[in-house]
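One chain comes next, on its own, written as structure tokens: the form predicted alone.
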């Protein structure tokens, strides 16, 4: 139900002006967060004090100093649309890979363009993926379609079964989607095997490789399938500035594909419309910030080693990870019960994925937050056994 009022724009402006004149609306010496939440008990940005936020694969060490400086400058130009700035970022990405700007499409995080890609694929057929992968955008893109997601069978080690995917490709499959490294498992597909798979399968259908965590892996260039695009294969690669660059809140992602594919995806609503000057400026400043990337990777690896040791000490196991998170096998304990128990200890992690009821994903946060996770783990495990 819509509620109508008789408050006209003129009445509102008159009332607002009177309030301002009387000093009724004033936030002297207050930060934005305090102005919006005067009690200052709940932060406007990020987790509450004392809470370890390890549930969203964010990089809390970002944005980098260069990105912050660029954003500070960019907000003074917020009156202007972002198109020209976006072209600069596209040129940077294209130059690195020896492609053209026409091979690049930007969006609000990689989610925007991935959803549009799924919508495009769903016009022709289903999307094929492994049993467990980051399927959020594929579910969104196919929800109003007669086609959906086709999944290969579970594997004992939770790996991506390329052979099974190859066999499953038939006339009903419009796109194959592979997350590499995979989310939530953290595992990576051997690059030689994945490259051979993409070459074969792309002859009959499009192959999407979501490389959101590529920069976190030990060998980013070796693991990337972008060279196949340059070679003319029907492959698309998605990347984001949300992970290693620490810009999850600034919403900048992109997809690399053949120019005609980019043009077709653009018809489904992506492009510069969801972008902003500050986010693009931060992405430009971050793209070649090798020192910050190296620093972030070192902290992620430090945290992974700490959690891997804690998992072993508590008699559990975890999958090998090439990402900023780990997938922990809790044995007979419910991942949702574990999540709730950790939340009571002010540690936020993920709960159950599909029917993987005993697997728990934890992100790599700041070291003190990881230490909080490690300290809380035995307490919660003991309470659940």
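Please read these numbers as outputs of a predicted model, since none were measured by experiment. Numbering follows the first chain given and starts at 1.
Keep in mind that the form predicted in complex with a small molecule is missing from the display, and what follows is about it.
Asker: In the model of the complex, do 205, 234 and 257 all put a heavy atom within 4.5 Å of the small molecule?
Answerer: So, no: the whole triplet misses the small molecule.
Asker: Let me know the one among 242, 217, 130, 296 whose heavy atoms come within 4.5 Å of the small molecule in the model of the complex, would you?
Answerer: If I apply the 4.5 Å criterion carefully, the residue I get is 242.
Asker: Looking at 152, 261, 276, 111, which has any heavy atom no more than 4.5 Å from the small molecule in the model of the complex?
Answerer: It is 111.
Asker: Okay, which stretch from 77 to 85, 205 to 213, 156 to 164, 281 to 289 lines the small molecule in the model of the complex, with non-hydrogen atoms inside 4.5 Å?
Answerer: That would be 205 to 213.
Asker: Check whether residue 122 has any heavy atom within 4.5 Å of a heavy atom of the small molecule in the model of the complex, and answer yes or no.
Answerer: So residue 122 does not count as contacting the small molecule.
Asker: Is residue 90 close enough to the small molecule in the model of the complex to count, meaning some heavy atom within 4.5 Å?
Answerer: No, residue 90 stays farther than 4.5 Å from the small molecule in the model of the complex.
Asker: Under a 4.5 Å heavy atom criterion, is residue 268 part of the interface with the small molecule in the model of the complex?
Answerer: Although the small molecule is absent here, residue 268 would stay clear of it in the model of the complex, with no heavy atoms inside 4.5 Å.
Asker: In the model of the complex, is there a heavy atom of the small molecule that lies within 4.5 Å of any heavy atom of residue 179, even though the partner is absent here?
Answerer: Looking in the model of the complex, residue contacts with the small molecule include residue 179, since a heavy atom lies within 4.5 Å.
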